[in-house]
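A lone chain, given as structure tokens: the form predicted on its own.
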């Protein structure tokens, strides 16, 4: 079968031939339909993130997938059923995080991730997976099923933000997303269409005309150009917000988030920065957190429950939004186009089989 693999940091993704996998007991064989491309894939390609499986020199890419069950292999799944796979898998040995159904809370060394760290991904014509990691999705949502994984990341982030404020009556009326990439735009749509937050903003560094700015404003949100209004100045220029969702990986934003928050607000950090030392006013940072009951939390990955919630959320997103978000779906004969990075690209996917 054909797969898309890369030697991290040493070249471009390429089509390779690999044996079609055979499902073990408790696993199903899935025929891959579409696999999304995101920033993590580009980081793996560049060698900034990721790890090939033991004994291999290349990693099969892809962690945002949708497929159809080809062989249920005695599991509770049905052949012909559309499914989305979760990403983390149990490594060798006992593991209390997986035993509790909380793989997303496992620390480094306690998991492998399909298409990212230590396990081949889903950019292949077929893949196998334990049935417990395959989440059913309705047929009408299957063409956009590769969006379930990124939505699940935000499902977890929002769940944890709400949990951090559960000791008192917290109903956010305003929120800002830092970052106008595909994950940021999906989250902004969730704020607008699902959570019904009154006032929303999205911060980026793009000049008009730009398709991501068009999406932001079509959702009814306000675009904030960070070159004109840095994060600490957002309260003066717009307002202090109840919720900040950071999806830039720009380390200063983690610290500056505290300045953008309203009293009792929470900032959720999802970006993964490179090491960077810079000066901050530690006293002011500490004071803001304490005297105004603010909170910062970090979150990564998601578990099956978040994927199930993401399927429901995907069904609620307006078609006009998803049409604008997905700027290209490419077959294997032109798969390189799915990895193009320019200002006209928001979200792309590789199609392995027609839906």
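Numbering follows the first chain given and starts at 1. Just so it is clear, the structure is predicted and the values come from calculations on it, not from any experiment.
Same protein, other form: the form predicted in complex with a further copy of the same chain, not shown, and the subject of what follows.
Not one of 74, 77 and 352 comes within 4.5 Å of a further copy of the same chain in the model of the complex, counting any heavy atom.
Under a 4.5 angstroms non-hydrogen atom cutoff, a further copy of the same chain in the model of the complex lacks residue 304 among its neighbouring residues. Taking the partner from the other structure, a further copy of the same chain in the model of the complex has no heavy atom within 4.5 Å of any heavy atom of residue 327. Contact check for residue 81: every heavy atom lies farther than 4.5 Å from a further copy of the same chain in the model of the complex. In the model of the complex, no heavy atom of residue 320 sits within 4.5 Å of a further copy of the same chain. Though a further copy of the same chain is absent from this view, in the model of the complex it lies within 4.5 Å of a heavy atom of just one residue from 136, 271, 143, 211, which is 271. The stretch that touches a further copy of the same chain in the model of the complex, counting heavy atoms within 4.5 Å, is 154 to 162, out of 181 to 189, 154 to 162, 202 to 210, 229 to 237.
If you take 163 to 178 and check each residue for a heavy atom within 4.5 Å of a further copy of the same chain in the model of the complex, you get 163, 164, 165, 166, 167, 168, 169, in sequence order.
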